[in-house]
Every structure is written in C-alpha cells, then in structure tokens.
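The chain that follows stands alone, in the form predicted alone, written as structure tokens.
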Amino acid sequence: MQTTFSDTAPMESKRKVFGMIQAFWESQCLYVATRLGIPNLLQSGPQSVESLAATTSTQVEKLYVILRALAHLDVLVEKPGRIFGSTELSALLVTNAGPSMGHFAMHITEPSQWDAWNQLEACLKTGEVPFERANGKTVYEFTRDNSWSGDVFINAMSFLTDHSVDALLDIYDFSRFDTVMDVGGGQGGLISRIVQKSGGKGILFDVPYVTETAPAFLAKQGVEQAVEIISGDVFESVPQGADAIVMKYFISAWNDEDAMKILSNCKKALPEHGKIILLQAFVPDLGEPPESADGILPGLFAVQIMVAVPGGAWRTKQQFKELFEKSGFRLEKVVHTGTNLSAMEFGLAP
C-alpha cells in the first residue's frame, strides 16, 4: 500500500488543520449562545442548564450540548450538576452593557453573513458579491432594513472603535487640528473620544439611517455641543469645515474606483493645510507578521470584507499609499498602535 504525505505528516500539522475545520463550529456555538443572551444571564452568577433553557425558551438537552462545547473552549465553565458559570471570555460577550465583542461576534456570524460565505466559491467564478448574491441586497441595505442586524452592526463598529481608540490617542495627537471630521463615523464613538482628548471640535458625517442613532450617543458621552452631525452621501459630496478628516476602516469597503471618488470629495472639502488620517489594519506584505497584537489576521479579515461588500478589501500599506497618491494626496507619516489599528497621515500633494 502506498504511503502518502498525509499519512506521515507531523501530528501538529494535523492538529492545525483540524482546528481550521472546527473553527466554524466554534463561531456558530459562540453566535447562538450570545444571541440567546447566555453571557448576560450568567453575569449574576452560575445557573443550571435547566434554568438557562427555561429563560431562553430552548430545549434543555440540546442547549446543554452547546454550552458544554463552549465550556471545553473556556468560554464558559461547567460545574458539577450541569451548572454553568461565566469566564473572562464570556464577559467579553455581554451585550446588555454597551457595545461589546459580543456584538461584533454576532454581526460577523449572523445568518446573513453565514449565507454569504456559502456563496464565496460560486462568486469567485461569477464576480458577484457573495453577500448580495445570498441576501438580494447590499450589506448596508440589509442592516438598514433589518432593525436587529442594524443595531448589532452599529454596536459592533462601536466596539471596534472602543477596542483600539485608547492606544491610538496615546500616540497620535489630534489637538493639532481645530476641527476633525469622521467620515463614515457611525454613531460617533471615535469622534467623541477625539474631541474629549483634544478639546477641539468635531463633525460626524454618515448616511441618515446611521446618524439617527448619534444624538443620544453623543449626549451620553457629554460631547453633543462639540460635535456637529451631518447626514449625506459621501459619493455626492463631503462637508467643508474641518481641517482634518479621519476614516476608520471606511475606505476599505470600496474598490479603487469608488474609493478615489470618495477621496476626491474629501480633497475638495479640505483646506490647503488639511490632512486625511486613515485608520486601518494593513494586510502584511511577505515576511511581515500575519497576526496583529490583538489576534486579528488582516489577511483573513480581507476575505470577510470581500465577501460582504463590492470590490472591498483590506489593502497593504503600499496599496493604500498608491491609492491616495492617485487621488492627489501624499503620505506624510505612519503610526502603529498596540492593536490591529494603525494610522497613515496624508497631506494634499503640491
């Protein structure tokens, strides 16, 4: 009998491939438990699976299988008598105390996203956007039309801001600018932190259905007087009045042609001394570490962006540099933080 390479492969290699195969099982168990609110329920203390099933209107034995698996992954802890308790991991998934990793987990693994990944192979041949093929509309239309998905999406984006903004503000000085505008800024998580830190003024610019959530959020942060909310379409125009524009993960949602339209409008809105600060995770070039300090794999995340939006992809630093140069900007500096987020500062080209 012929011996194949797979027969003689080191056990560690097999463990790694088994881990990849099982990864979607893990994420779906995480999604179900978070959607059911299990991490929320366990905040007050351990509970039996019977109690958790009663509260979540699920079948006891089936729920137990999922919770046991999550205990094996250290997301929960199982105690004698089928009692489950919280862990440091499950605390990250609590969704009733503000934007959290739980919202991000649910957004990335909700059925509409899962259905999109199921279309990836076919779309490699047709050129379609997997999310649109699976759901019949764009991801932005879907989150606008589905209230639960929209709420989860906004909170997921706010979590990503909260996760990285302290490290950014520790090393990047926004106080140089009188007014900073966040293009595609959601409900205002980033711009509120910028004005709190810098003492300057802010502008929040996004589409109307997103900015509807902003007044209450900004008031809660105590910056409603410092931040002006403007709704609009970035492809039509970008408001004037800021001497710096920030874009966090925003430009990577668009192909080069659309991105250049956005950057052209940004250029028209800026004064001669104006800057664009691109806040982004960069896909590593060959030889660079593939994983960020916080565990995000930008190269893998780039596939998720490609699955979700037309032409979108996380780019390398060089690709972003070339994109901005074609749009009339010049790179002035790059600042790295201790998370996946880095900053590229661009000025207007002479």
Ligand SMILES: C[S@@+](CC[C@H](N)C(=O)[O-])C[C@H]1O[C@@H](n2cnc3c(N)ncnc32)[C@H](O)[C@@H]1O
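Just so we're clear, the structure is a prediction, and the values are computed from it rather than from any experiment. A residue's number is simply how far along the shown sequence it sits, counting from 1.
From this point on, the text means the form predicted together with the ligand, which you will not see here.
Thinking of 174, 243 and 346 as the candidate spot, does the ligand come within 4.5 Å of a heavy atom on all of them in the model of the complex?
Zero of three within 4.5 Å in the model of the complex.
Quick check on this chain: which one of 124, 207, 219, 97 has a heavy atom within 4.5 Å of the ligand in the model of the complex?
After the contact test, the surviving option is 207.
Name the residue from 153, 131, 84, 142 that puts a heavy atom within 4.5 Å of the ligand in the model of the complex.
The option sitting close enough to the partner is 153.
Just checking whether residue 116 would be counted as a contact of the ligand in the model of the complex - the rule being heavy atoms within 4.5 angstroms.
Outside the cut-off, so no.
How about residue 165: is it within 4.5 Å of the ligand in the model of the complex, going by heavy atoms?
Result no; residue 165 lies far from the ligand in the model of the complex.
Flag residue 90 as yes or no: does it have a non-hydrogen atom within 4.5 angstroms of any non-hydrogen atom of the ligand in the model of the complex?
No, no contact at 4.5 Å.
According to a 4.5 angstroms non-hydrogen atom cut-off, is residue 103 in contact with the ligand in the model of the complex?
No - in the model of the complex, heavy atoms of residue 103 and the ligand never come within 4.5 Å of each other.
Which of 265-273, 219-227, 73-81, 184-192 sits within 4.5 Å of the ligand in the model of the complex, heavy atom basis
Checking each option against the 4.5 Å cut-off leaves 184-192.
Quick one: which residues from 220-247 get a non-hydrogen atom within 4.5 Å of the ligand in the model of the complex?
Those in contact are 232, 233, 234, 235.
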